[in-house]
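Here's a solo chain for you in structure tokens, the form predicted alone.
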């Protein structure tokens, strides 16, 4: 048995999320289907850094796999890409220690969220959230800084996850305006880990702040409330990307 770390990207718009689900098209399902063909028709489980929801994209998702066959990294990359659909692409493969784990060894993850505040663009509807109205960017930038640090993010987690430990650390945030198109906004989050819907729920609240319906300082009591009902609705999935995973 040889353990490999694979780095891959995917267009989430054609999948029912990352995680394998019966009778539904998923990223994990397509990867495992291709890997089984390579692995002498033996099942291979893909252990990713984490899952993404329906419609969410990945630029550098990472996972470990165990193969019974021995194949060098470049040939594994080429072979997998020849078997995978066009909306998944293996960027690299490397042999790692058999003690390495794609999920449990993660030290940090980076996500980005794209918003279009300009005119609706049908070509980008699956890849950039088409908000199509102006936002107070300065106030949103101020609000982002209140999200940094270690907090109980229960107010930004879906209600069925209430019993889970919701303490996480966001080490860095950034809001970038595209110099070529000032209507395009990129919001970056770097942290030790993120809960399901956490980023999209934070984005929903940031948009509410950008609309002038909340102030940046309102983030502080919102975090303290630990109540999902106190935060804004969940932002659309299509603007969210898993940008990088760090080990």
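Keep in mind that what you see is a predicted model, and the values were worked out from it rather than measured. Numbering follows the first chain given and starts at 1.
There is another form of the same protein, the form predicted together with another copy of the chain; it is not shown, and what comes next is about it.
Might residue 58 be said to contact another copy of the chain in the model of the complex, defining contact as any heavy atom within 4.5 Å? Yes, residue 58 sits close enough to another copy of the chain in the model of the complex that at least one of its heavy atoms falls within 4.5 Å.
Do residue 120 and another copy of the chain share at least one heavy atom pair within 4.5 Å in the model of the complex? Yes, contact at 4.5 Å.
In the model of the complex, is there a heavy atom of another copy of the chain that lies within 4.5 Å of any heavy atom of residue 77, even though the partner is absent here? Close contact exists here: in the model of the complex, residue 77 approaches another copy of the chain to within 4.5 Å, heavy atoms only.
When the contact criterion is heavy atoms within 4.5 Å, does residue 241 count as touching another copy of the chain in the model of the complex? Yes.
Report the stretch among 147 to 155, 133 to 141, 94 to 102, 81 to 89 that approaches another copy of the chain in the model of the complex to within 4.5 Å, counting heavy atoms only. Comparing against another copy of the chain in the model of the complex, the contact stretch is 81 to 89.
Could you list the residues in 9 to 37 that come within 4.5 Å of another copy of the chain in the model of the complex, counting only heavy atoms and keeping sequence order? 9, 10, 11 sit within 4.5 Å of the partner.
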